[in-house]
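The data below hold one chain only, encoded as structure tokens and taken in the form predicted alone.
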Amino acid sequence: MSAISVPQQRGQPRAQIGKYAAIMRINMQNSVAYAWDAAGQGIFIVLFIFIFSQLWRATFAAQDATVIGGLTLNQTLWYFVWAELIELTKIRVSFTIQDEVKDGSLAYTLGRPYNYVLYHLFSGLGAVGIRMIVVLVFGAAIALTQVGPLHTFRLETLPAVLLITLFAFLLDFCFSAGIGLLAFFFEDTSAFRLIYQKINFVLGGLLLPVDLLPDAVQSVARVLPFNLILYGPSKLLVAWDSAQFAQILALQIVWLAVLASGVALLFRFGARRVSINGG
């Protein structure tokens, strides 16, 4: 039995970037070939937005209000379109990493000339773009039929919203990769995955915008990274605020540094436990 060490990554920075760009490009091409696979997620977002449009229309009518939690009905529904878009298209790598750790196939990738975690990141990012376009078309179509176009949309803020959304994907990837890497230490990581999913439902703003949570819960949610994945990008899309953008971006960078360091340490310690039996 011999322990496997994590190889040092070699090569010039330009070559490294080119390598991961090639990984992303190949997966992007693959996702184009299977673009219709995202149609199922598109159907799901149609059902979800239709149900939420009926619920929130009834809520606004019952409250006899035009604004709840700082958002109109139009803004609320488009908030959920963007939040669901992120939720449905994010990089779900925890199952893949868990399976590769458990069946030992990870051992065959450690010696290859790329970083194992970065490979999964760029591979996932390559597949995200096409899925986002397909799901957004479905989500926007149902939102347009229910509440019309987003009245507060400002085209000049779209690059900033997309930047925040990109950081949201990176944050979620760190959580997902971290949960998958826990397979080094736990036989089954499904409990961690379930906990993360439920936290995102409540503190992440998937069921309700964080502004509608009780004050005490809001205070907790705003200092944790979960609201930066779904609530932050979605709120900025429907109610742009330059000060809030700067705050969210700063928090995303800080949390990304913390979580990425955690994932790197987890992988480093976990990889030391990998061993080969036999000759």
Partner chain sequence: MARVLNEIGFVLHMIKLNLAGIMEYRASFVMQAVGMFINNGIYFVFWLLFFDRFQEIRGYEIEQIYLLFAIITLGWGLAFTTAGNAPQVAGLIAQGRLDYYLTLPRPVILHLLFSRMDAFSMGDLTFGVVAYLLTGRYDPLSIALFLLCTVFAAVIFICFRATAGCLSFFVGNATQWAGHLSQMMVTFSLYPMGLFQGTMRLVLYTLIPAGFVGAVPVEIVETHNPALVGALAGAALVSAAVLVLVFRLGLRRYESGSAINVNI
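Positions refer to the first chain, counted from 1. Because the structure is a prediction, the values reported are computed rather than measured.
Keep in mind that the form predicted together with the partner chain is not shown, yet the notes after this line are about it.
Candidate site formed by 51, 68 and 201: every one of these residues places a non-hydrogen atom within 4.5 angstroms of the partner chain in the predicted bound form. With the partner omitted here, the residue from 254, 223, 58, 26 that has a non-hydrogen atom within 4.5 angstroms of the partner chain in the predicted bound form is 58. Contact check for residue 156: every heavy atom lies farther than 4.5 Å from the partner chain in the predicted bound form. The partner chain is not shown here, but in the predicted bound form it comes within 4.5 Å of a heavy atom of residue 186. Residue contact with the partner chain in the predicted bound form: residue 43 places a heavy atom within 4.5 Å of it. Taking the partner from the other structure, the partner chain in the predicted bound form has no heavy atom within 4.5 Å of any heavy atom of residue 109. Here the chain stands by itself, but in the predicted bound form one stretch of 191 to 199, 141 to 149, 111 to 119, 168 to 176, 191 to 199, has heavy atoms within 4.5 Å of the partner chain. Residues 212, 213, 214, 217 are the members of 212 to 250 with a non-hydrogen atom no more than 4.5 angstroms from the partner chain in the predicted bound form.
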